[in-house]
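The chain below stands alone, shown as structure tokens; this is the form predicted on its own.
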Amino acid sequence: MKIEVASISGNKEIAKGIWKMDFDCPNIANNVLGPGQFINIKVDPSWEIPLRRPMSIAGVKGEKITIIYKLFGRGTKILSELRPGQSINILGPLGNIFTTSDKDSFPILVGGGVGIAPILWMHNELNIKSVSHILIIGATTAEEHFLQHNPDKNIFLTTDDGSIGELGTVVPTMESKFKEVSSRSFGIIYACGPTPMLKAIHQITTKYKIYCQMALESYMGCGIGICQSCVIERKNDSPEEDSYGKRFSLVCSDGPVYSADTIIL
């Protein structure tokens, strides 16, 4: 984990309210392990916004890191106003990563909202390795998508209003594609997105006993395990050995990636 003043090389809107930022930060980039990790950004050098903003890494190429973020409030608005050549203070890399240890598995990647960043990075990594997989990305409307719906290439977009791709959330499409995959291979779900989406996926994966890894989104005050603001509940099968550490987990330092069967959403 390092603190580095990064130089912004690109910052543009790629869909309605969705932005992509690239910056050069060699010290942090050289220590990134893979999809799932995140950085903490100080969006304002003054003390008007004292807390850093956690951002999932969407890709690393050489000494350059890419993030994808959505405009939510004052902090992300400040980010969107930064221009190439300006600097930004970064803390990272933080957190753990998705793991793909089973060479015979068929990955199904599911992302929604700002949770698309690590999912897209994993998608690109699997493409580089020529690993067959399915990508499912959800949004409210077509305006929030920047990929193309392309079932022939196993890329499926969903929209709440049906304006592009599959009508509805990512969950029915994920369930349908898993059933297709499981008839001929061993499917694994990798997911990241808003909590309601992850809860719905958690219910499906629990029902069908599907192995699933989730990168959780959480509000964080520090990003390094001090403030305790990102606590989630663990699944504890031994209540007689109950303790704070067995019952709860910190997304920033223990996660953000968890096996779905180890947490309670």
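On a predicted model such as this, the values are computed, not experimentally measured, just so you know. Residue positions are given as counts along the sequence shown, with the first one as 1.
Absent from the display: the form predicted in complex with a small molecule. The rest refers to it.
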query: Partner contact for residue 159 in the predicted complex: the small molecule, 4.5 angstroms, heavy atom; finding: no
query: The small molecule contact in the predicted complex: residue 117, any heavy atom under 4.5 Å; finding: yes
query: is_contact(residue 203, the small molecule) in the predicted complex, heavy atom dist at most 4.5 Å; finding: no
query: The small molecule contact in the predicted complex: residue 232, any heavy atom under 4.5 Å; finding: no
query: The small molecule in the predicted complex: contacting segment from 82 to 90, 141 to 149, 69 to 77, 166 to 174, heavy atom within 4.5 Å; finding: 69 to 77
query: Residue (of 220, 60, 197, 210) lying close to the small molecule in the predicted complex, criterion heavy atoms within 4.5 Å; finding: 220
query: 15, 21 and 137 all contacting the small molecule in the predicted complex, non-hydrogen atom within 4.5 Å; finding: no
